[in-house]
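Taking the form predicted alone, here's one chain by itself in structure tokens.
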């Protein structure tokens, strides 16, 4: 376990030796947010990737992986672009991975296209990203998978006739609100307001945004924020303004009930309904084994979340590429190996869509409840093998 942490804080790289010194050394550039207020997201992703490696050490036989960590620092894109340029030109990496935030993934798309380097996206969820380069594959999610389904579910099953969408004002937030609006209105509801709520780098004061929503008296308030401390602040504002008592149901993607933040949210979180691809409370043998392995590795008081699962499944995808590609790894060979790849993830069975290089996966409807003194997420429904609706409908840049 210490190898990965020492690498990040020290030299920035670690060799994950699996066999003979004569075998291939595969260099993987791992770019994520490891500093500042959003560092917990990068740490989750790193832990997920590390856990997969430690559970599958023998799978690569004679090959060795050298993981080179780089800190993208913030969601703006400029730092990520710079460090990926360095990874390609100086470190000569074979694969790039990580990428917590959508602007970071967008910023590197032209670089990896020109350099012909394959990328496995472990998180960034703006739907059209995989259209920006033929060398990108995504194992995480798209905003349209959860947003569109939450829109349909709210109109059909939560008795929501009207709704407001509040969103962090950057590409995935706009994507999420648009997805919800499309799904909700197609199912017969009406979105009466769209509220941009600050940027991703700093948690804003949500009170004026939530007060604006409360004053319009919608049946549902759909909220997207980039998880982390933003999620805790959302539930706090919802509770302090008495929105539940006022008849406004808080709904959203699972970012607002992130597993690592949930236990600090208190009673205000009870009743929140979300749609997402992973929750630590999923009651399946594969997920139970994953959560147990996580706690054994990182401590009984730790828990994985959807970013950690993205790291875990992303490393599984990288291992698949390494095992599939004999000799030098190229973008063309890597993408060919990933198209149609299936994996039994802690979230359920996943597949990379051969047509879009995007994830196909289950989306779960969950409601927060209380089990003793512990907040839990109870499954209320599941949508199986969900593709990216934005690409299916060819909306905006998804249609290009």
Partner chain sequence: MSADTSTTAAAAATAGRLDRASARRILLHDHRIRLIELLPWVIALGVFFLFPGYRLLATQILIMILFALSLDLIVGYAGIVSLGHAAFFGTGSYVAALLVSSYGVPEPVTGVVAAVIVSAALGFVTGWILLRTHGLTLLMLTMAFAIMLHELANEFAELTGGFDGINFAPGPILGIFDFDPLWYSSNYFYALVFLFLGFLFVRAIIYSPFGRALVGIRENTRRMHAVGSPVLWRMVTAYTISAGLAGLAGAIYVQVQGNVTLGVLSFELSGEILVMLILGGTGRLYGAFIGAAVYKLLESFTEQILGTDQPYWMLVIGVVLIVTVLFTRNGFIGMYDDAIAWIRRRRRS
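Keep in mind the model is a prediction, meaning the values are calculated, not measured. Numbering follows the first chain given and starts at 1.
Form predicted together with its partner chain: not shown, discussed below.
Residue contact check for residue 107: one or more of its heavy atoms lie within 4.5 Å of its partner chain in the model of the complex.
Although the partner is absent from this view, residue 193 stays clear of its partner chain in the model of the complex, with no non-hydrogen atom inside 4.5 angstroms. Proximity of residue 82 to its partner chain in the model of the complex falls within the 4.5 Å heavy atom cutoff. For the chain shown alone, residue 86 is a contact residue for its partner chain in the model of the complex, at least one non-hydrogen atom being within 4.5 angstroms. Residues of just one listed stretch (218 to 226, 301 to 309, 99 to 107, 136 to 144) have heavy atoms within 4.5 Å of its partner chain in the model of the complex: 99 to 107. Checked against its partner chain in the model of the complex, the residues 271, 208, 77, 204 give one hit for a heavy atom within 4.5 Å, which is 77. In sequence order, 169, 170, 171, 174 are the residues of 160 to 194 having a heavy atom within 4.5 Å of its partner chain in the model of the complex; the partner itself is omitted from this view.
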